[in-house]
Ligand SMILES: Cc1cc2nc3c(=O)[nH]c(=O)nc-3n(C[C@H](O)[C@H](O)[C@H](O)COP(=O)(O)OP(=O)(O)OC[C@H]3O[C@@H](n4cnc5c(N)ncnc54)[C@H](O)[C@@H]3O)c2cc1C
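The chain below stands alone and is given as structure tokens, in the form predicted alone.
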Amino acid sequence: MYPAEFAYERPSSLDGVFTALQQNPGDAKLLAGGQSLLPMMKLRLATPAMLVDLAGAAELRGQWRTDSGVRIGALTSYRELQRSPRTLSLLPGLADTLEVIADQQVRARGTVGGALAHGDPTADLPALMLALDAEVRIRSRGGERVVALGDFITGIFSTDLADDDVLTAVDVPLPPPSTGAAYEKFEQPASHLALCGVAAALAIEGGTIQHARVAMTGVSATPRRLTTVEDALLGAAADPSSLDEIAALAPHGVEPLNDLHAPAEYRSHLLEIATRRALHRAAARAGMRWTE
């Protein structure tokens, strides 16, 4: 199908983006990589009157080491991250996640900011970013605000972005020393989107888990942290039987999607399996030697 008719602008700066949004209140959509928005427009699931292309705003590209972690510009592509050994070394689990996002073409064009701003409940990157305690930086003509990613994603294809807001960057703090992280995914074969994805980040000292973050995507209406699992992990022994027992808690309190791709019961089953695998791999990367 063809998209509905729309106007197009490509400002040369972030200030120009704000001007375009101000001139088209409520009728404009921001275009980053376009790997999610353009297919929706072709299906007429999205019919913006104006597309504002962010590609000319060079200040939205890049990766920077900050005092507390790493800042990733919103227009940084998956492929650019994959070719950034410094960023990959600082953010455990990122390489796993990037490797299973869609296909090579999408990874070459898709962007970090676009993935998070789109609010797709089956996207891979949000799970890992939640497990790494990421925050998003949002700017408008009125100023800048910083929002925890868990608060930013509010529903299916819904985020805390106003019509005149632009997600400019993602801030990811450095995890505790010796943190191991992993991302495990069961995908829909045709789209490569997640039927279930789980990211886990564990810091272990003396065989005991001192820090735990576990997040899922693809299972419910929004990517989210599995706080029941996290609470059970803190202070627990990092051995296979303990991790397996705790992984069984993953479906508790989760309302799984039930659609043509998978029934709710199947997604719950996948969630437990993916959580168990992610915990085992994260523990191995945190120094445990009984697995991987």
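Counting begins at 1, following the sequence as shown. Everything numeric in this text was worked out from a predicted model, so none of it was measured.
Although it is not shown, the form predicted in complex with this ligand is what the next lines describe.
The contact with this ligand in the predicted complex, taken as any heavy atom within 4.5 Å, belongs to Val106 out of Ala203, Leu174, Val106, Leu81. Contact with this ligand in the predicted complex, judged by any heavy atom within 4.5 Å, is made by just one of Ala215, Ala212, Ala117, Leu132: Ala117. The three residues Ser36, Ala74 and Ile101 all sit with a heavy atom within 4.5 Å of this ligand in the predicted complex. Only one listed stretch (250 to 258, 36 to 44, 224 to 232, 237 to 245) carries heavy atoms within 4.5 Å of this ligand in the predicted complex, and that stretch is 36 to 44.
In the predicted complex, at least one heavy atom of Leu161 sits within 4.5 Å of this ligand. Proximity of Leu30 to this ligand in the predicted complex: non-hydrogen atoms within 4.5 Å are present. Of the heavy atoms in Thr208, none are within 4.5 Å of this ligand in the predicted complex. Shown alone here, Leu167 lies within 4.5 Å of this ligand in the predicted complex, counting heavy atoms only. Annotation for 41 to 62: the only interface residue with this ligand in the predicted complex is Leu54 [heavy atom within 4.5 Å].
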